[in-house]
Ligand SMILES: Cc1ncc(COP(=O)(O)O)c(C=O)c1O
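Have a look below at one chain only, the form predicted on its own, in structure tokens format.
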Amino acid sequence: MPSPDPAERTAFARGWLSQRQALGLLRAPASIGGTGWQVRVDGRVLTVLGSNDYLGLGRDPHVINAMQQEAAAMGTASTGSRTLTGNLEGHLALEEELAQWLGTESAILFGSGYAANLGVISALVGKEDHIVSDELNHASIIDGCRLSRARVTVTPHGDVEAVRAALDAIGRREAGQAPPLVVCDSLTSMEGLRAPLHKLSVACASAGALLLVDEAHTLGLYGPGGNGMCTHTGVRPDLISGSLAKSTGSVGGFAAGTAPLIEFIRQRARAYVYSAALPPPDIAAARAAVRRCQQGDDLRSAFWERDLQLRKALSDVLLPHSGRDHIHALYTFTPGRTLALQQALRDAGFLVPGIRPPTVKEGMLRLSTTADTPAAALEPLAAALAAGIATLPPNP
């Protein structure tokens, strides 16, 4: 007979949480006061080395003013989904501006970058179709692949020959069937590794496959006017997805591409059709940030100066690290060493995210900086890293 005791019905959850705690894998984010390059945690002021607000536009006065003015004029709610009562003029204007910025025919907005990949992938392909996905793709891409119920081949990161082999194995498709979909991040969000976009583009064109590139971590920083890694490398994929919550310092996600593909997604993406639209103040902030990005050579210059300083601080550490661009992975290998180094850096005045399985295969710290971080704030980092690493337990 079923037990009436609620504790018995939740024992599975307590047991799982205890196991994660014992393995050092339980997520317990700090309560952070502030959102800029410097924040307060447990009464201490720390320098942030893990922000995605790369250009500092989340605190830009023009972006904030645009948001405040729109809130006063339009209120704070979109009142419904885009297909019901929420298809506002601001949404249409931002979609047009994103398409112009990225050099595509059309664009579509989603509630987040995560929702964009879920919506786009599950709209494009179904259970009779095929996806070729890079092993280091973001969780939103992985979950979009799962939701689509398509047949998924996961290839080693950046292995174009493996992509070619997967596309060759798919063979011919039936009339009216969607072509295979190849999907990757232009720059992996944790390890900071580039995708071989040009070679992937050639492989897709040869096989008649669609190429979807997530530019979440590269918009604003690469290409003329910050329009992304694809433009920076001279590649024009069929679709670009991205987030408005990183270099554009606001909230939301999008996809951009040819008009027929975007309209196809608009008609079919459940994450678009059945979600409330982005509120007017958020749209106004995103539009102001996109305009600032396009004219933001000064911000990009400042950002790359701070990134060079961060790179120099990492150059002599006695741990392997990756990231030729602006996301730097410092490999610690175990959850215990990850948490220990994270705490040592916090004690030294730096807030650095420690990343553990299942987000990554092995433990690591993920470091990045922002355009508005003062140079002086990074000067103690090299010594803090050396001291913290020296106290780590041996890697088993």
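Numbers for residues come from their place in the sequence shown, where the first is 1. Nothing here was measured: the structure is a model prediction, and the numbers come from that model.
Here the subject shifts to the form predicted in complex with the named molecule, a form of this protein not shown in this document.
K.L.:
Taking the partner as it appears in the predicted bound form, which of 135-143, 148-156, 67-75, 192-200 has residues with heavy atoms within 4.5 Å of the named molecule?
P.N.:
Selected range: 135-143.
K.L.:
Could you work out which of Phe264, Trp101, Tyr114, Trp304 is the residue within 4.5 angstroms of the named molecule in the predicted bound form, going by heavy atoms?
P.N.:
Contact residue from the list: Tyr114.
K.L.:
Going by heavy atom distances of 4.5 angstroms or less, which of His326, His130, Lys246, Arg287 would be at the interface with the named molecule in the predicted bound form?
P.N.:
So the residue touching the named molecule in the predicted bound form, by this definition, is Lys246.
K.L.:
Would you please decide whether Ala166 lies within 4.5 angstroms of the named molecule in the predicted bound form, comparing each non-hydrogen atom pair?
P.N.:
Contact check for Ala166: no, nothing within 4.5 Å of the named molecule in the predicted bound form.
K.L.:
Although the named molecule is absent from this view, report whether Pro237 comes within 4.5 Å of it in the predicted bound form, heavy atoms only.
P.N.:
Pro237: no, not in contact with the named molecule in the predicted bound form.
K.L.:
Is there a heavy atom of Leu299 no more than 4.5 Å from a heavy atom of the named molecule in the predicted bound form?
P.N.:
Outside the cut-off, so no.
K.L.:
Check whether Gly252 has any heavy atom within 4.5 Å of a heavy atom of the named molecule in the predicted bound form, and answer yes or no.
P.N.:
Looking in the predicted bound form, residue contacts with the named molecule include Gly252, since a heavy atom lies within 4.5 Å.
K.L.:
At a 4.5 angstroms cut-off on non-hydrogen atoms, which residues of 206-226 are near the named molecule in the predicted bound form? List them in order.
P.N.:
Residues within 4.5 Å: Asp214, Ala216, His217.
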